[in-house]
Structures are given as C-alpha cells and as structure tokens.
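Below you will find one chain, with nothing else, as structure tokens; this is the form predicted on its own, and questions on how it binds or moves follow later.
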C-alpha cells in the first residue's frame, strides 16, 4: 500500500484497484465459477438442510466441498462459501501478492482468512446496505500513532464488466468513521450518499467491513458473479454464514495441497498450538470428516 492508497483508504474506507488480476487468471476463474454454479444448482433439494449455530440454513455440496445459501432464481442471490475446496485454481487468491501487501498494511497481528464466498446475483436482485456508523470491535476501523488498524477487511474480485445498472457494488464513503447510525432505505441506491463503483474484469475493490456498503439492484441483462475473500487478525474465526465464529471449513484434500504458508492463513488463534494440522474442533471439522 503506497502513501496515496493509504490516504484514500483512510479518507473513504475503500480502494478500487484496476487490473489487479491478470486476464488469463480471470478467464480461468470465471469458467470455474460458472461450472461450480451449475453443479451446485443441480443438487437435489435437501429435505433436512443443515443449520448453523447462528440459525441460518445451508446445503452441503460434499462433492465440491462447498456450503450453499440461497437459490438460483430471478431476484435471488446464490452464495457459495468455502470455494477453495472446489478447485485448485482458487489457491492463487489465498495469498495473492498484491492483495497481501495491502491487507498487511491495515491489519495488525498475524493475518488470517475469515471469509470466502462466490456471490452470484441474478437479475432483479439487490444487496441491502449494511455496516457504517458506530460498530463493535469485531468489524471496527481505527487509527492511532502506529497507523491504520482494521479488524476485518475484504477484497472483492470482479470477473466481468459491472455498470451501475448491473448491480454495482455500492459504498457510502466515509461512513467507517461516522459517529452516528446511518439512515436506511429499502434499496441501497436510495440511501443518502450511496455511490456505485463500476468495474471491469480483473478489477478489485478493497474495503473495511466497517464501511457502509451494499449492491445496487441488478437491472441489467447479465448475472453478476464476484469472488469475496475476507481477512483479519488471527483471533477472528470464520465470518462465513454457515460457520460463523467457528474454524474455517477446509476439506482434507484441500489442506494436503496447500503450502505451509497458505495453511497458516486458515489457522485462527495461536499458531504454536496448532502446528500443521487441519483446522478442527468445530462444525467445519465434522463436515470434513463426514
């Protein structure tokens, strides 16, 4: 993170990073995401879906090793968590150098991954604005004499051109520093100060989770597909819906192919107590074993 990026991130709460991912990787990621989407949507309906400790329901695609929320339908969102398990092509995003340079500039302590999702938004869908204003420690943004200190940041990778009408990612700049709760509206595009961030394939948006953000209504003719990876200090566990505040869900096959450095990015807590073992002691471990 250079000095200009640091200034803009502190001032606005986000950065738009153009051409962060090379075109050949974008092409492979896009093809893989569409394949995973097709396979996940073809699963037979489960009469007894899993329920997370937080009460949300999800389906477990054992063949691909992913946890699924939502539906593939008009106006819907299809959320596919823990996509690392589905294909090794995603491994490059675990510790993508340009991403880690920025993450480590604003997250203190040892950095770990706490969120991973393929977010697919169909025509008519919007993502309601959330966060911003006073917030607890879990997602806070603060500064002190040592610089910026974030407890959760997220990189969103884009695989296609997304204009405002296509359901662009939206932000309300500066709300990561607001002392007052933000006014709300049903649609994120109707919130005071909300702006759409238009992007192209290979672009990425980096932001503090404290920032108020959402997704404009997808009124275009395309399905909008993005890859989200969340990072934070090692004391924070999974922030995925299915495994919230538990250890991340990695299958044994995924764990075996990862380098030691990439494994460390999934080990929440003191690393000396875990060694090189697959994350365990949670619902995620039961899924891996089952």
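What you see is a predicted model; the values in this text were computed from it and never measured. Positions refer to the first chain, counted from 1. Rigid core (definition): largest C-alpha set, two forms, superposition within 1.5 Å.
Omitted from view is the form predicted in complex with a small molecule, to which the following refers.
For the chain shown alone, residue 224 is a contact residue for the small molecule in the predicted complex, at least one non-hydrogen atom being within 4.5 angstroms. Shown alone here, residue 169 lies within 4.5 Å of the small molecule in the predicted complex, counting heavy atoms only. Among heavy atoms of residue 119, some come within 4.5 Å of the small molecule in the predicted complex. The small molecule in the predicted complex comes within 4.5 Å of a heavy atom belonging to residue 228. This chain is displayed alone, yet in the predicted complex one of 203, 191, 209, 81 has a heavy atom within 4.5 Å of the small molecule; that residue is 209. Among 130, 73, 142, 104, the residue placing a heavy atom within 4.5 Å of the small molecule in the predicted complex is 130. Only one of 209 to 217, 194 to 202, 176 to 184, 84 to 92 places residue heavy atoms within 4.5 angstroms of the small molecule in the predicted complex, namely 209 to 217. After superposition on the rigid core, displacement of the C-alpha of residue 54 between the shown form and the other one amounts to 2 Å or more.
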